[in-house]
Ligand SMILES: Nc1ncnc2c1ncn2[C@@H]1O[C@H](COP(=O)(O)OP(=O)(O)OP(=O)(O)O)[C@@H](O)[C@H]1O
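This document opens with one chain alone, in structure tokens, the form predicted on its own.
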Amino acid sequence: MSHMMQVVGVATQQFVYVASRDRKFNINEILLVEDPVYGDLKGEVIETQSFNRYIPLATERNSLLEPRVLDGLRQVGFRIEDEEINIAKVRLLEELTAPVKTGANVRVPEFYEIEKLLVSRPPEEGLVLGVIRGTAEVASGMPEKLKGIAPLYDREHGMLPQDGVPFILDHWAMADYPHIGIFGGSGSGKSFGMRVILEELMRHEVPTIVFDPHFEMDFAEPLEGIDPSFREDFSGRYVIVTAGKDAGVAFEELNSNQLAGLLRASGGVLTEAMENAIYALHRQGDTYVTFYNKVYDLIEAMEKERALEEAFRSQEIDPREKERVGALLELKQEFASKVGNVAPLKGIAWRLDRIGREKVFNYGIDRVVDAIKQQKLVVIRGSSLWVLQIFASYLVKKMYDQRREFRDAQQRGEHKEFFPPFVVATDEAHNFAPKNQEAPAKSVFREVAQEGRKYGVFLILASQRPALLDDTITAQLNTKIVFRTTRSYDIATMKEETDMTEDETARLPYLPSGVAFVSSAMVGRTVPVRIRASKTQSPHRENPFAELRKKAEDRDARFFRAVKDMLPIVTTRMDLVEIEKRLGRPVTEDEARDTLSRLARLGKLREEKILLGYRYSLPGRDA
């Protein structure tokens, strides 16, 4: 059905106002303005409103109903006093040298006319992230291969059909426009968006390292209610490793610079004296134990020098003890002048103890390296965010150096074993690379942000607080996916770091969960996207109150099964020993009474007040 739409009011080189009697406009939809000079011009609806004679125009205070627009409506034949009018502000997607002609016809485009604007990569070659908002009408004309590939999800209604043109991120273009930022407040859909991107990376077998501070990134459990045709099995495409359990830092492979970096990461700034002591004491090939003992032995030798010398000269000293004391004195003679005093040694010892307690030095990274070479996704977990940061500072640097060495050898025409390009992804990115303060992994994340594109190493950084992320890194994120954001500082950061318009940033606090603005140099404009349904779900997805209810129901059901053939039960004569035996755990008298009473309230039991207590039996049975 054709709808009459026209340019009204004052048009500029950037914006036009479009009116229609019988068609409602949709935010973010693309329209074609048929200008007699420029031809068909593409524009995006950024603001829309409907009004009629029952709404007094004099009370309106917005740009859509300013006097020049109302005059324009009258000039092209609209009777604004007695008919309903739909009006939209449209941003033109190309810069003009002169305004569009007022009165020009406007129409909804056919898909083929805007296909290149909407779809930059076929789905088999890009990351299918969701649906472009405002494209439902034009989607009917798109090819079959674009249909049904991005179904949506709503917690209340479950799986929903794809209702527009799919948004496909061209990850191949990251070679020119590297790094992705994902930003949004709590409940905005940020983590959901990260999960969808990671699923797509696994689909394309892109090697990826994911730091998982919240233990959310497991892909074993299908999304609840998922359509079988959309289901996908990711087993075999990812592994989960835990720093300090099955992955860690191979201490004996560290050089002195790397060791200094790790110790700096474990406890803040290293003093110059501490760095000098590390370089003096450390030898390539030292294990954690040999280096640890060396530091503590030197502390003892310097603090107890006189006593050790006297003991060594004593005729009564045990030969084995004399050998130990002699070794301490030799250690002091070799290193004391190089380290100066024990203070820097104690600072090093404290840092070694802190890392050692987490068993970070008990393992290497072979499992991670093997998985990356097999083009898998590797989920990295740790006992704490600090452990994850320490391990990230080592792992990312180690992997980045291997990839860089391979590429540099290629440039020199030398043969070196292939090491694949890879992606590093993390949530809570502002903790890994905070603004205006040091953090264990900050320097290596900065290095990758600035130099990684040349070597094929890319970042995907998610954060609730973009204003707290290091400025140097934020500036290098060529694609920013911005979900609902309410803090003014974060909105200001997005204004500075994206090409989002005033209208778009003003909408940030009100975006529905799962909807984001994608501002990307790959696309060339900001695109509103509703993220598709993920194929898997977080193990923490269950509502905590539903979890609480389920636990209570399970506990009551187990109790009911245990006592059912013991009924009737009189509270003054309960056999707690038998109940405990059947449940396999201790049960207090108060717990038993409360549970029986609750089962009665739920209709599972009949409760009768008797002398000094209560009698419980099955409903409908005689006493």
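Note that residue numbering follows the sequence shown and begins at 1. These figures come from a predicted structure and were not determined experimentally.
Just so it is clear, the following notes concern the form predicted together with the named molecule, a form of the same protein that is not shown.
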| query | finding |
| --- | --- |
| Option touching the named molecule, based on a heavy atom within 4.5 Å in the predicted bound form, out of L377, A265, I531, L395 | I531 |
| The unique member of S140, T271, S186, N436 whose heavy atoms fall within 4.5 Å of the named molecule in the predicted bound form | S186 |
| Among 191 to 199, 448 to 456, 328 to 336, 275 to 283, the region lying within 4.5 Å of the named molecule in the predicted bound form by heavy atom distance | 191 to 199 |
| Close approach of R320 to the named molecule in the predicted bound form, 4.5 Å, heavy atom | no |
| Close approach of R412 to the named molecule in the predicted bound form, 4.5 Å, heavy atom | no |
| The named molecule contact at Q464 in the predicted bound form, heavy atom, 4.5 Å | yes |
| The named molecule contact at R155 in the predicted bound form, heavy atom, 4.5 Å | yes |
| Within 490 to 514, the residues that have a heavy atom no more than 4.5 Å from the named molecule in the predicted bound form | S513, G514 |
